[in-house]
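In structure tokens, one chain follows: the form predicted on its own.
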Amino acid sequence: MTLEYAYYPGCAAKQIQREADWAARAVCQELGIGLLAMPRASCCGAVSLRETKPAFALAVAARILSEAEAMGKDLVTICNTCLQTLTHANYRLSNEPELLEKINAVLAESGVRPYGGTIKVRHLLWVVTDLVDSRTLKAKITHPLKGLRVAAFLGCHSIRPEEIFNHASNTNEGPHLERLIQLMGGVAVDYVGKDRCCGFHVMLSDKHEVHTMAAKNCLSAKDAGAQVMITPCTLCDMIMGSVQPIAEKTVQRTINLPEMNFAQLLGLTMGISKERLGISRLHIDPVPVLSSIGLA
């Protein structure tokens, strides 16, 4: 089976979280997953636009979905918020014919190809864990985690609302991120808060609240014995990583929990260089922990 997708990294991966994009591309190259550029794609519209101008947000999402459809490919992303926004739009456009007709009329006025509702929106994590042959994936993991205790921070936008994801993010075999940790030779740490919001969406309106949320989530993982945290989302990466030092001052506790994107840790276990994965860009240095198992 050929694994080739229209690649929609999202705005954060093109700017502040570029290391997540680098790691995704490096891992996909090793696994034979094709990521095709979407040169005309814009911001997905995310929460703010969906709340203030819902019809406009649907048209923005439809334009992105139409570009992937014209390429003849399903769309894959590495951002939970982009995943939720585009999946929600795709769900409505695929199940509400009258709405699809209205949105396509808007696209036509702008000279954009109408959307037919024929593609799927996927997370790269799902592709790696569900669609890559497990024997191929295991064979690529040449530097296993040797029992490293890893906290999987799922975030909230890849698992809710249930009606649009239809359990796609949590199969009978368990959450994708925790299955990947086990496959890499690590121990998935169970802790309270792994499926909570990271706080990104109140980052501008309530800094104290986002600092407190980040601290609670990281401390819960650390207190459960986690040595490192991984997420499937560039926005969660931003909060759990960059905000952590400030959050320590807010709650007056030292956290010091290295955090990285799942593709970065997977890349390390595959023997991809730290430079190519952007490890030096992380806010909490993971090298001391990784050195203890020969990964750095």
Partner chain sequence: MTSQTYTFRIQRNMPGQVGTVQSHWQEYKVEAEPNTTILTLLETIKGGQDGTLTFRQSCRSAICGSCAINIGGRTRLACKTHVGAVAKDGVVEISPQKNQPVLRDLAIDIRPFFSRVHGIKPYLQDGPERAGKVTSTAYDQVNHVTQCIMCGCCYSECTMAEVNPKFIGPAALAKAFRFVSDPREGLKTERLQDLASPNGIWSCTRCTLCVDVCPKEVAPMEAIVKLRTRGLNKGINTSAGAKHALAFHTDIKQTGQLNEFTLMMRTLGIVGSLMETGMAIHLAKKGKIPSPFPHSVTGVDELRRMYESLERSPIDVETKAKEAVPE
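Keep in mind the model is a prediction, meaning the values are calculated, not measured. Residue numbers count along the first chain shown, from 1.
One more form of this protein, predicted in complex with its partner chain, exists but is not displayed; see below.
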{"property": "Three-residue site 89, 132 and 288 fully in contact with its partner chain in the predicted complex at 4.5 Å by heavy atom", "result": "no"}
{"property": "Contact assignment for its partner chain in the predicted complex, among 228, 60, 268, 68, heavy atom within 4.5 Å", "result": "60"}
{"property": "Heavy atom within 4.5 Å of its partner chain in the predicted complex - the one residue of 150, 184, 213, 124 that qualifies", "result": "213"}
{"property": "Segment that reaches its partner chain in the predicted complex - one of 139-147, 111-119, 68-76, 175-183, heavy atoms within 4.5 Å", "result": "111-119"}
{"property": "4.5 Å heavy atom contact, residue 161 to its partner chain in the predicted complex", "result": "yes"}
{"property": "Its partner chain contact at residue 188 in the predicted complex, heavy atom, 4.5 Å", "result": "no"}
{"property": "Residue 128, heavy atom within 4.5 angstroms of its partner chain in the predicted complex", "result": "no"}
{"property": "Residue 52: touches its partner chain in the predicted complex, heavy atom cutoff 4.5 angstroms", "result": "yes"}
{"property": "Its partner chain in the predicted complex - contacting residues of 192-206, heavy atom within 4.5 Å", "result": "195, 196, 197, 201, 202, 203, 204, 205, 206"}
